[in-house]
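Presented below, as structure tokens, is a lone chain in the form predicted alone.
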Amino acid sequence: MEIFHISAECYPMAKVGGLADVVGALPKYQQNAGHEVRVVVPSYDTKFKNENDFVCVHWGTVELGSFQFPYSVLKERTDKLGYELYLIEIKELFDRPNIYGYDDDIERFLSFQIAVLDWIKARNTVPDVINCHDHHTGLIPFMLQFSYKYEVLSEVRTVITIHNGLYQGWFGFDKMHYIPEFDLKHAGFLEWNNSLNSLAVAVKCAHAVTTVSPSYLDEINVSANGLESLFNSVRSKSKGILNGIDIEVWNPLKDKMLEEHFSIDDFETGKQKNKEKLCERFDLDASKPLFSFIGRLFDEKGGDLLPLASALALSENFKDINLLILGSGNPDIEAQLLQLSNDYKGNYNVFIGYNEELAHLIYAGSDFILMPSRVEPCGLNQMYALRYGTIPIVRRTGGLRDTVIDFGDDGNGICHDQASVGDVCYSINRAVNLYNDKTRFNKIIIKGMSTDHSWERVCQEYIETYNQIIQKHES
């Protein structure tokens, strides 16, 4: 089976969040399972792009209404990621330092989608499946079905994988003419709530809809930023598939970013060495339980809870805990967290920004990781933490509900129900008590490290979904 994954992100080429990790890993396991897999992302100005060798395999011009943009398709020469990686180079639109956040993002990602389909149309073979990821690629299923120029590709089966349904790619009807010509009787597929909605288009037009956890599929049927009724209407073609993690990249026994390697057999010594390295760097006490947070500092992730929850927890347990935060986002949250550095020196520190090597070290050296998310479609941090022997403290939502069970129920973590300062502080107190019970603490760590979150199972679920929509079309 020939499979294309189309995405705005792919680790290590371009990463903002978990989308990149999924698109960077799933295709490798599909390739290993015997399929021909190709990943296509925009050609951003990133370190990976600049440090690797690419060859141009196709070029053309994207027509976006009256605008024309030359584009090139660049292939990474060595297939070092375990699959074929292609970049769509449109210098006027993507030769920039950031992935998102520009006033012309609609034009950027629509031109990207058109260039992808123009190139696929020009190839000698037609893929079996195109798996689109999030709203940045959401118009592809529509264009394949209804744009005249892609009629030759109309038999291609499409899947939309929703990593975060809050972001939907809205734009006005004044930009509808950007879409390659189609019969206007199909314009209703584009509209939702009086605007053009890229994610809604994909959900309507794709042959299958997947979410990145079973619980998130249930949640978006009742809370999806205005798309609830749409998700309910397509439930029969929808499936929640829990993400996996790349156990080759996330392996505490081989991870080159760690101070000390360890396994389930010697985690106490190995984790302590990494903890000592972290505490030395951030002026913390390695004899105390270390709580950490890694992620974007926005309300969605519960980032707004961290300043007050940290202050209260440090005040109550000032001599008993350390707290380390790695993240960036809302400037007000960043400022509040930085202020705490002055108030609780020796027990608290913060790194504003993101550093992949530091993230690995935090997973390995921490005792607990905080994830008080309001929305978490899947969550990968808790899976990384479990693999590295760090106990996740999570709010029961989305994929967190599917992967973390409270230790009171013989599980692998600590859970709470509300995204509130009170629940976070209560969970931290429970964690301190657990930390002091070393026998039970180590038992839960072993349970977490034994959990299988590898991609092999996930890969097979995606392949089954592809086969179902292909067989349905052929029957």
Ligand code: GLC
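Computed from a prediction, not measured in an experiment: that's the story for all the values here. Sequential numbering from 1, following the sequence displayed.
The same protein also exists as the form predicted together with ligand GLC; that form is not shown, yet it is the one meant from here on.
Within this chain, R296 lines the site of ligand GLC in the model of the complex, having a heavy atom no more than 4.5 Å away. Ligand GLC is not drawn, but in the model of the complex it has a heavy atom within 4.5 Å of C378. Among residues of the shown chain, R387 is not one whose heavy atoms approach ligand GLC to within 4.5 Å in the model of the complex. Heavy atoms of H163 reach within 4.5 Å of ligand GLC in the model of the complex, making it an interface residue. By the 4.5 Å heavy atom rule, the three marked residues L110, G169 and S198 all fail to count as contacting ligand GLC in the model of the complex.
Looking at 142 to 150, 296 to 304, 69 to 77, 119 to 127, the stretch with residues near ligand GLC in the model of the complex, meaning non-hydrogen atoms within 4.5 angstroms, turns out to be 296 to 304. Distance criterion of 4.5 Å from any heavy atom to ligand GLC in the model of the complex singles out N243 from the list T210, S292, T403, N243. Scanning 11 to 43 for heavy atoms within 4.5 Å of ligand GLC in the model of the complex gives G18, L19, V22 in sequence order.
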